[in-house]
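Listed next as structure tokens is one chain, alone, in the form predicted alone.
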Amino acid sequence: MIEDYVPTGIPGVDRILEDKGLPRGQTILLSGGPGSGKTTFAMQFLYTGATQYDESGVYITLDEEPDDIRRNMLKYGWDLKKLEHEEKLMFINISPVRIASEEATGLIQIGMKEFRLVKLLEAIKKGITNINAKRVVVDPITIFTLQYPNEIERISAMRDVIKDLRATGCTNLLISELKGTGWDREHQFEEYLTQGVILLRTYLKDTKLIRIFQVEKMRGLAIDNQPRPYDISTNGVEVYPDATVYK
């Protein structure tokens, strides 16, 4: 039975998670459409962990350049370079299009021919060891799964990733693109493999953009699984657990 939890530190989120947070050592899927704030949510989870809970974090990017993420997060007042210097945060770039290796600067890049399950796991474990990380983000896991066109191989590879991440003892967020943002959407196989699923959805209502936060499942917790509105402000993501979303 899970008895230890990791506060996300993101306003409103822990209220929905039984006032506890994410189950420690588990792997959670964070899924959303373009512009829904997935990267902001994930980085806020790491930033808050490093600055408020003394938990270092590793950010594995399979798509966006670390410099772009650092620059974008400054609008929230998050100085990521400072955390990196203090060894409270580490970026690992495993984009399939990268071929250079820059381990001396703390940036690991692996070429497309080597971009496979073993190399991904090696990079993650190395990052965790280097800064004694307790939180891990993989963004987006979708890029990794595309390396396996065969569905059986894809599911097997994801099982291995989740198994190895759990063995590290870290609390992990896997970021994925949501296939359809409507109420009757297509479920993704990753949702059945992870211990928890958080959805970030957006839709237009009378020309106004509505953002919807929902915890679809979280094993070990009596969650509030109702859709709740959220916002992205100069402070990052904030969820409103007492508000109601009207379709």
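Keep in mind it's a predicted model, so treat the numbers as computed, not measured. In this text, residue numbers run from 1 along the sequence as written.
This protein has a second form, the form predicted together with a small molecule, left out of what is shown; the following refers to that one.
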**Item:** Interface residue in the predicted bound form among 44, 56, 27, 36, criterion: non-hydrogen atom within 4.5 angstroms of the small molecule
**Value:** 36
**Asked** If you check in the predicted bound form, do 61, 91 and 137 all have a non-hydrogen atom within 4.5 Å of the small molecule?
**Response** no
**Proximity of residue 232 to the small molecule in the predicted bound form, heavy atoms at 4.5 Å** = yes
**Message:** Taking the small molecule as it sits in the predicted bound form, is residue 76 in contact with it (heavy atom to heavy atom, 4.5 Å or less)?
**Reply:** yes
**is_contact(residue 194, the small molecule) in the predicted bound form, heavy atom dist at most 4.5 Å** = no
